[in-house]
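One chain comes next, on its own, written as structure tokens: the form predicted alone.
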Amino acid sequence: MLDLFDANCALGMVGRPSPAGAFLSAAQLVDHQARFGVSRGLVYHTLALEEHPAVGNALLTEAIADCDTLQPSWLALPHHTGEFPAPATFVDELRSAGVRAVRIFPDHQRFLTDDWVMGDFFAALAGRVPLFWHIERLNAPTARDIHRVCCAHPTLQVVICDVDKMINRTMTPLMRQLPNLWLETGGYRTHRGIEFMATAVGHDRMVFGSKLPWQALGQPHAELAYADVSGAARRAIAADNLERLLAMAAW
């Protein structure tokens, strides 16, 4: 069975459970993933998204304290309202907790990624921690934001998550121009999309994700398992690329 490292999964109660349900403990999530050959997960807490990162990040640390197969990723917000630490302080907290990945949901949590809002945050992460950027749609404003941020912060590794289906005409030139841009496959539903992107751009900046618990794991698993790519490319997307990405963290 293909060994998988899930780049996009969450534990905790959700407001609108999908057919996959919700995973209230680390053990429940790990047991479910194991049915599909997922041996590790880069996880966040649902309440960091649906309530507040300050709440969910703390709950995540507690929930996975005794779980060796789940690695933490924390959500972040702009700091200007005083509800979230300043970028330098947040990076210190990441280092102290051993967290090697950060996520933002600007569409869902309603903030801009312009430099006057998030520039200091991106600069603080650059060269230190990869950023997983969750989007609702790869529309023109979002694509321009991604291009601008990756160009302005070339040492910031940016992973685009939760992509919609029709992304190839935009994502292909983005990834060709931006060597620090990565693609997570959980929402990638283009027919033979993994094969296309592996040929058009290369397989070395694609990472497998499930988007649990908001969608079932079977389809993203099948998309990769049956993609017409080499064994080396499949293994890279399944786990090796994510391992390499997390190894870039400064701690």
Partner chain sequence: MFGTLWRHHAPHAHRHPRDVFAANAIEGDPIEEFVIDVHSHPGPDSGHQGFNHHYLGGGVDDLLRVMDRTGVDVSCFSAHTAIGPDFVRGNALVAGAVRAHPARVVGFAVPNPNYPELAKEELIRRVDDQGFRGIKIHSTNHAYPIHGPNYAPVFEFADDHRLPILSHTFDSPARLKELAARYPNARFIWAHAIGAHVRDPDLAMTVRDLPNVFCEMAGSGNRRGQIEAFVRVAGIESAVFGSDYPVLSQTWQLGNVAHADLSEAEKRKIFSQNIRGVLGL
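Computed from a predicted model, the values in this text were never measured in an experiment. Positions refer to the first chain, counted from 1.
What follows is about the form predicted together with the partner chain, which we do not show.
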{"query": "Listed residue that, although the partner chain is not shown, lies within 4.5 Å of it in the predicted bound form (heavy atoms), from Q71, T142, Q109, N168", "finding": "N168"}
{"query": "In the predicted bound form, the one of A48, L183, A63, L42 near the partner chain [non-hydrogen atom within 4.5 angstroms]", "finding": "A63"}
{"query": "Heavy atom of R192 within 4.5 Å of the partner chain in the predicted bound form", "finding": "yes"}
{"query": "A22: touches the partner chain in the predicted bound form, heavy atom cutoff 4.5 angstroms", "finding": "yes"}
{"query": "Non-hydrogen atom contact V55 with the partner chain in the predicted bound form at 4.5 angstroms", "finding": "no"}
{"query": "The partner chain contact in the predicted bound form: E243, any heavy atom under 4.5 Å", "finding": "no"}
{"query": "Sequence-ordered residues of 124 to 154 touching the partner chain in the predicted bound form, heavy atom within 4.5 Å", "finding": "none"}
